[in-house]
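A single chain, nothing else alongside it, follows as C-alpha cells in the form predicted on its own.
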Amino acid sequence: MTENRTIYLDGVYTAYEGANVPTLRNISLEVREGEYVLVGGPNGAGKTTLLESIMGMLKITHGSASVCGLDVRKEGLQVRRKVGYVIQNFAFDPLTPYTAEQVVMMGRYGIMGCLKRPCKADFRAADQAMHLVGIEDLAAKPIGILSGGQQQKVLIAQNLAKEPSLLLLDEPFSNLDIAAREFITGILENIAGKGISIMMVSHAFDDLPDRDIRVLVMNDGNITYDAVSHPGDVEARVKSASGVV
C-alpha cells in the first residue's frame, strides 16, 4: 500500500554541486502519513542534507525518491509547494521591510500562483497559522526587529500557512525558550494527529510530544539506526547510536 506514504527514498545518493564524494549514500526510507520522526546524529552526519534532498533542493545522483506522490528528481517545484521546511540558519536584516504577517503570507505564494493576489482563503490560512503559533500581536511588526524566537515562530507559521502534507524542521527549538518549546511541541503533536508527517532534525530531547517517536540516527551520510521509541528514551537511543557515551 503506497497511498498513505509521504516519503519514499530508495537507494538515494545526493551530492553538493562540485563535490567529488556524495554526502548521502544509499539512503532508503519510508515515512507514512502522520508519523513523527526525529533525526539525530553528530554534526556533519548528513541530517540537513537529508531534508534538503527530500525537498528537491539538492541533486539526487542515484536512486529514486518520491514525496507526497511526486517524483523529486522531475517535480521538485511541485514538491516544494506541498512541503513545509523550517530552516535552521536564518537571519533577517533589521531593516527588512516585510511585516510578520507578510512573511507568513509568503507561505501561500506557491498555492496562489505567479503574480496573483491573495484571496480570502489565503488570508484565512495565514491568519489561522498566526493564531495557531500565537503571534497575532506581531502581525504588523517588521520581521527584522523581532527577537530570534519570535522570528522562528513567524517562519513556523509561514510553513503552516502552506497547509503542507509534510513538515520538515531543522533545529526548530534553537531560538526558543522553554515555554515556547512546549507550546510549539503541542502544535506539532496536534498537526501530526491530523495526518501531517513531521520530520525534525533536533539535538533537543526534553520537549518531545507524549506519543511514539520514530528515531532516525545518521552517521557519515547513512541512516544507521531506525526504530520507534517512547519519548523518554529518545535521547539515550540517539546518543548510543551516535557513539556518544
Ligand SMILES: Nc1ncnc2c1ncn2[C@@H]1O[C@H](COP(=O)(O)OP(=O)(O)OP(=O)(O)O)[C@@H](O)[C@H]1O
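Note that the coordinates shown come from a computational prediction; the quantities given were computed from them, not determined experimentally. Counting begins at 1, following the sequence as shown.
As for the form predicted in complex with the named molecule, it is not shown, yet the points below apply to it.
Although the partner is absent here, residue 209 lies well away from the named molecule in the model of the complex, with no heavy atom inside 4.5 Å. Proximity of residue 122 to the named molecule in the model of the complex falls outside the 4.5 Å heavy atom cutoff. In the model of the complex, the named molecule lies farther than 4.5 Å from every heavy atom of residue 13. Interface membership of residue 214, defined by any non-hydrogen atom within 4.5 Å of the named molecule in the model of the complex, is ruled out. With the partner omitted from this view, the residue of 32, 203, 62, 59 that lies near the named molecule in the model of the complex is 203 [heavy atom within 4.5 Å]. Note on the interface: of 63-71, 172-180, 188-196, 38-46, the segment with non-hydrogen atoms within 4.5 angstroms of the named molecule in the model of the complex is 38-46.
Applying a 4.5 Å heavy atom cutoff to the named molecule in the model of the complex picks out 88 as the lone residue from 80-101.
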